[in-house]
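Below you'll find only one chain, the form predicted alone, shown as structure tokens.
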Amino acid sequence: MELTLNEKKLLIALAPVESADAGALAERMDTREEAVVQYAHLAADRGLVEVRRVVKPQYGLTEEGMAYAGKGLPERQLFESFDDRIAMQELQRHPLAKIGIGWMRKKGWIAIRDGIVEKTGDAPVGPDERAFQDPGQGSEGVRDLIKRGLVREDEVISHTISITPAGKALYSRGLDLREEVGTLTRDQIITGAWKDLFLRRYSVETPPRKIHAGKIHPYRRLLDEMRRVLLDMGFTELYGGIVQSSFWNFDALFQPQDHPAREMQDTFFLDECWPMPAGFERIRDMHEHGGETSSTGWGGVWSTAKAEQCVLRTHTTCLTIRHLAEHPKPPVKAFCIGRVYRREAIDPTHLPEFEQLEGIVMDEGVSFRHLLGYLKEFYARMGFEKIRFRPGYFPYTEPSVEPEVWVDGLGWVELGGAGIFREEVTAPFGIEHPVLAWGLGVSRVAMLKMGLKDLRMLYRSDIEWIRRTPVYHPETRQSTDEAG
């Protein structure tokens, strides 16, 4: 059996006593206690020693507890600061009154009547006070002191190492303590000195130590991949704040002001209002009577106050419509990937905040067929081979469609919505050409591609999960496990 020099030294130090604490062995071997434990685990794998790990609690005073050390608990100090009775107003001037009065009442040491504090007896020393005098013993009452933040509990870990019969037998046969050489130098190789060295033996069958390379979070990698796909398709990326006025989040998209999605149960409203942009009257007229289009609008009276109310954006469409308002002439080809917020109950498939991808194309002569082509190309580049479309309904697009992709084991899965912006959305901003638009819940794509069952995993810094997740190379459409 080939042992390292350190394992041999451990057996020699352990054999005379058969069992010892790792700290005592460290003194004998003139090394650190942590090193002794490491050597012991190596020898334990060979059946030469046994390692027993012992965990014991240790108690000590906290910073607040140290302030009372030698003086007594706050209630005891306060109790001894006055005679049989004292006015509450006068007692409250004591620096420990805020803490001590409540504890004196809880322990039954005092009674308060008509603004006068009276002692009820001698206030015998309780378990908590005895424990406070010597918390290291962990006696009765120490738990109460821990709850009060006066005592802290730490874990003290020790290791007891015992030699086994196999270890004794090996020791009795004698151990070679020549210094081993594990790394050869250039000079030793050139001069041939390596031939006279006692080389450490090694096995090529022993797996090397796992190396965990640095990684980008899997979800971040997927977002970057989507961004790269759209940039390669000629799109420009948009950015914008998460706080938006209801005007841009709802009204500019021809969403009626009494729509259920605008109620508190779906939207995070803020105690802030932003002024209307120039030309907001055209949006108002579109809502009330259809403006200068063939639409009849929603009717009723459009409220400026409601439109000024700020919200956490519920979708990224507010950014794309704002971009269109600033760039009403073709061509426009843009996208954004951003976080949106909705009042959702948290469960494995729903979160109150998540990422959404939004894309628009506005140009002369574009049609519904172009929209399907863009969607098919995007999903194909994301690795989905089978794609189909079915009719859908969305408030601000017509016609509308819902793309679906085929996922083995799940079948057809809907991945967002798309359509052509309605005239009621584009006309107020002077947009005269069709606007192709689509939105995609990025988290759903992430769950499908990563095989997750819980959406919350995407937002957790679970190091082991990140290490297990393969690194994906979009250029080659291959994935490789991390090095190691």
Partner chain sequence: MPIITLPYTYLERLVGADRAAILDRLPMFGSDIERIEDDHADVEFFPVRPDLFSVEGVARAMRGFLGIETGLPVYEVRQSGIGFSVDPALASIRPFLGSAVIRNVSLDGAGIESLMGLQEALHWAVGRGRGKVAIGVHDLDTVTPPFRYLASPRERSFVPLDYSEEMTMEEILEQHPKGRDYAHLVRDFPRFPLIVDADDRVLSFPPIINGELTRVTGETRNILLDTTGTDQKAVQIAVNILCTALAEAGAEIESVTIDGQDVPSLAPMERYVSVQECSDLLGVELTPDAIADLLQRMRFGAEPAGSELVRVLVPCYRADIMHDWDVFEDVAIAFGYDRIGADLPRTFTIGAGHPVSHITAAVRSIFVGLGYLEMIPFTLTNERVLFERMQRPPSPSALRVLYPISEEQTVVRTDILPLLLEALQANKHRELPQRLFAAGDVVLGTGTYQKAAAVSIHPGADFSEAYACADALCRELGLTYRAAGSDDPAFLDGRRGACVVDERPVGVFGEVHPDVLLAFDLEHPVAALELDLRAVPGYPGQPDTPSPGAR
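Residue numbers count along the first chain shown, from 1. As the structure is a computational prediction, the values presented were derived from the model and not from experiment.
Another form, the form predicted in complex with its partner chain, is not on view; read the next lines as being about it.
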Looking in the predicted bound form, is its partner chain within 4.5 angstroms of a heavy atom from every one of 58, 444 and 470?
no
Exactly one listed stretch (144-152, 348-356, 173-181, 189-197) reaches within 4.5 angstroms of its partner chain in the predicted bound form by non-hydrogen atoms, and it is 348-356
Scan 341, 384, 82, 109 and let me know which has any heavy atom within 4.5 Å of its partner chain in the predicted bound form.
341
Let me know the one among 208, 411, 124, 214 whose heavy atoms come within 4.5 Å of its partner chain in the predicted bound form, would you?
214
Within 4.5 Å, heavy atoms only: does residue 326 come near its partner chain in the predicted bound form?
yes
Test of understanding: in the predicted bound form, would residue 466 fall inside 4.5 Å of its partner chain by heavy atoms?
yes
Indicate whether its partner chain has at least one heavy atom within 4.5 Å of a heavy atom of residue 462 in the predicted bound form.
yes
Wondering, does residue 367 line up within 4.5 Å of its partner chain in the predicted bound form on heavy atoms?
yes
Even though the chain is shown alone, can you say which residues of 355-377 have a heavy atom within 4.5 Å of its partner chain in the predicted bound form?
363, 366, 367, 368, 369, 370, 372, 373, 374, 376, 377
